[in-house]
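Next up: a single chain in structure tokens, the form predicted on its own.
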Amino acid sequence: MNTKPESQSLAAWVEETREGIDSGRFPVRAFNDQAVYDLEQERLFSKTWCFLAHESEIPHPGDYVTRYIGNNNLIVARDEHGEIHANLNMCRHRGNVMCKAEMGNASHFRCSYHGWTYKNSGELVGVPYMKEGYEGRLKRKDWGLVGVRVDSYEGLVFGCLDPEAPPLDEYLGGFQFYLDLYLKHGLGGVEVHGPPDHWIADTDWKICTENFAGDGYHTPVAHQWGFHLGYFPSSGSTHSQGWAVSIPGKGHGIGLGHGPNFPPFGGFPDDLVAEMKQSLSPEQVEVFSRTRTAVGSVFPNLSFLMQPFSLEPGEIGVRFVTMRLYHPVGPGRMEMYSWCLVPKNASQEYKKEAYRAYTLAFGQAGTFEQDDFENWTKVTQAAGMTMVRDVDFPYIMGMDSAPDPEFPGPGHAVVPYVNDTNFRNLWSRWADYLAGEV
């Protein structure tokens, strides 16, 4: 155990953390600490592009959902012209919450306190007693809802609080190649299947982001039952096969697990496979057709998983895709949002089966989900103990891994799939933000 002076400043701790990542060390304290949480709010979530919604959640003019970036509650709405806006869910008059529902349809939002009224674009249009009370001093154009930058990629709507941050395309930095695996299931793309499950958990958001950045290492242990009972088409002896891919300097990462004798795009209907071969590039087809399980994270807190799951032991089963957002609500505590994505052009029968597989495996009461949260909650509890404040975790797996020279996709690709390379890249980027260097 390392010992550090109690008087060590947070800035010095961040610098020491950055240096430790290069040698494969990361402090346990990061996963449950008030000061770290506060610094993340100030320097990380105020700078990064954060996922807000999928466009299919708000398909019509007036549709809206309420979501968060850090501790900021936002209204994400499609206006009457089809444009998507994100505005702080706070009246500019006295700060009341403007929209108290999680989703719905509205052309305007009216404050329940003094009645200020805004268009769903955020423009202030109604002020009671405007002439009598303000005597011409108040200009409506100066007091609209506080807006947030928005941009999208293949239906994913992101928001950014920093007007000076690089554009979304640059922020993703080539990870779009891998996002297409989840978002281009056929020529019509994907849509959400119903509203998201969401629930509060005593788990640090970063544990989940790390796990979904390609932690194939835990699967044969934490989800061992899936191998033994035959619901998951792999085995402990072959599970490490595949690639771990990260985007250096961006924090994004994905694990692409292979399965011996697993058929190309196994678990998808034949008509969708034919469409995917048109919607994806030849390089993407080469990589993804071999992929059994794909688990990836967009820095800082959006993740995806695609895998087959069978109700018939030994069968390939059906592929499903889940998208999840880990919204931090306190040190060691988060709100989990979980969606099922389905191909728009797929049959209703396939969509129903994919949703059922998702629910059984990664829904709120899903079998895999319960395995993970049992472990993640215990890790978070441990991270909050005073004795472990100066303890590090080892991130030394694959320290000497060289990039696969034949891998056709962007980023840093190494084998095997079970590797810590993605995690070192993730924590390095996280530490850059906390150091104030991004």
Partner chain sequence: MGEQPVDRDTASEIQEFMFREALALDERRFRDWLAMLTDDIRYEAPLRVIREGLAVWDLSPTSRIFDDDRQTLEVRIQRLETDFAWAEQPPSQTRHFVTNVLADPGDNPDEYEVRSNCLIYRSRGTSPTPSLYSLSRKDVVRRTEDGWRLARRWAAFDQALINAHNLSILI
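Numbering follows the first chain given and starts at 1. Every value quoted in this text rests on a predicted model; they were computed, and no experiment measured them.
Although it is not shown, the form predicted together with its partner chain is what the next lines describe.
- Checking 74 to 82, 217 to 225, 261 to 269, 281 to 289 against its partner chain in the predicted bound form, the stretch whose residues place heavy atoms within 4.5 Å of it is 217 to 225.
- Contact annotation: of the candidates D404, D392, D371, E55, the single residue with a non-hydrogen atom within 4.5 angstroms of its partner chain in the predicted bound form is D371.
- Interface residue among E275, E123, D197, D180, judged by heavy atoms within 4.5 Å of its partner chain in the predicted bound form: D197.
- Proximity of T238 to its partner chain in the predicted bound form: non-hydrogen atoms within 4.5 Å are absent; the residue sits far from the partner.
- The shortest heavy atom separation between D151 and its partner chain in the predicted bound form exceeds 4.5 Å.
- Residue contact with its partner chain in the predicted bound form: E312 places a heavy atom within 4.5 Å of it.
- Using a 4.5 Å cutoff between non-hydrogen atoms, S112 does not count as a contact of its partner chain in the predicted bound form.
- Residues are counted as partner-facing when one of their heavy atoms sits within 4.5 Å of its partner chain in the predicted bound form; in 96 to 128 these are K100, A101, E102, M103, G104, N105, in sequence order.
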